[in-house]
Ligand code: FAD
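Next comes just one chain, in structure tokens: the form predicted on its own.
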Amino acid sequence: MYDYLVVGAGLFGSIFAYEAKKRGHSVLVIEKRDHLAGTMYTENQDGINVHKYGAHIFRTDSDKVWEYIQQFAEFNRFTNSPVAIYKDELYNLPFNMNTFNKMWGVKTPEEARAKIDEQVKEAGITEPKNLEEQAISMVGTDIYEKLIKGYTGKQWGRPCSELPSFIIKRLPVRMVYDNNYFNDKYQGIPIGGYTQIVEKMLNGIEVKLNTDFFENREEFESCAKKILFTGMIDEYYDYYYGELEYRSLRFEHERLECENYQGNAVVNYTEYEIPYTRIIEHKHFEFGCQGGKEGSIPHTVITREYPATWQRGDDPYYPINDEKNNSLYEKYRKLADDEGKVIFGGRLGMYRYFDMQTDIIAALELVDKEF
């Protein structure tokens, strides 16, 4: 009999297991995948740490979060500065003066703002009702048509006119020449990849990989005093009220016998006709291309990222937090509130999008509450 069974060896579950063990509790962690670290898993392939489930860039404004994660890895100074390709045109992201200069030839913030205001006025938008109108009201029609419309349509599998406006409200728009996508105080990639972080967290804790909770549910429910479940909350309740909706992703990895394929870690492809949303070149996350200098790696690994409709059995990535799904989740949350033994946590258990820093914050909040 364990004190805690943790279902899922991703970041959230691993933090909880680590903190529980530190306080003297016995813990069993089970994971249905064949590896630790969930979707932030990195795999070393001939000297390149490949982000197997898409680009993971750690960033936070919180001193507490930064101090916490650095117990488990040393971070480099990587700055996320993606570029976007539309047909044969290349633009800097996030939307900043470099983007506006390339799009319109403007040189000053005043000129850029005037151009945007002119296009917003022509579109006649006063109160944005959907993502399309919200985007146009923020950056005008030219940038919307070239850099948002196709990319977002691919990402969510529906036209921007049918998506809620809140999805794009946090998109950075800057009137300065600055290609740093994030504004956070701390930003970087762990030297040696992400998997080591969870390995260190779970050191000394019993872990069973390739183990599906639902295949031996009765046995697992009876082996611990309490359960932290980080899988899908609707699946735990056997979809009693129906399925929550997600977007999924498919990844196509390829090794290329060249030193430098695209010159940047992340390149977005914004036209709808190209089926993938971006190409990631992993060696750039850890500065693995040194232009032929000693220590450079002569080959490279790229990943094409394809958005996909989620169906049972697929990996769920992005909760679709629209009104319908949030209302359905509330029904499951009320069931969860009545549970005495089971705690739900993480992106799937709480049905909300977490990046790594919000995952850490939510996990530590649960630790404070539980202990």
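Heads up: residue numbers just count along the shown sequence, starting at 1. Since this is a predicted model, take the numbers as computed values, not measurements.
Beyond the structure shown, there is the form predicted in complex with flavin-adenine dinucleotide (FAD), which is absent from this document and is the topic of what follows.
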query = Exactly one stretch in 329-337, 306-314, 52-60, 65-73 has heavy atoms within 4.5 Å of flavin-adenine dinucleotide (FAD) in the predicted complex; which is it?
reply = 52-60
message = So in the predicted complex, is flavin-adenine dinucleotide (FAD) close enough to Phe213 to count as touching (4.5 Å, heavy atoms)?
response = yes
request  = Look up in the predicted complex whether Val7 has a non-hydrogen atom within 4.5 angstroms of flavin-adenine dinucleotide (FAD), and give yes or no.
outcome  = yes
flavin-adenine dinucleotide (FAD) contact at Phe12 in the predicted complex, heavy atom, 4.5 Å = yes
ask   = Can you check whether Lys324 is within 4.5 Å of flavin-adenine dinucleotide (FAD) in the predicted complex, heavy atom basis?
value = no
note = In this chain shown alone, the residue from Ile227, Leu249, Ile125, Val207 with a heavy atom within 4.5 Å of flavin-adenine dinucleotide (FAD) in the predicted complex is Leu249
request  = Taking only heavy atoms into account, state which residues of 347-365 are within 4.5 Å of flavin-adenine dinucleotide (FAD) in the predicted complex, ordered by sequence.
outcome  = Arg347, Leu348, Phe354, Asp355, Met356, Gln357, Asp359
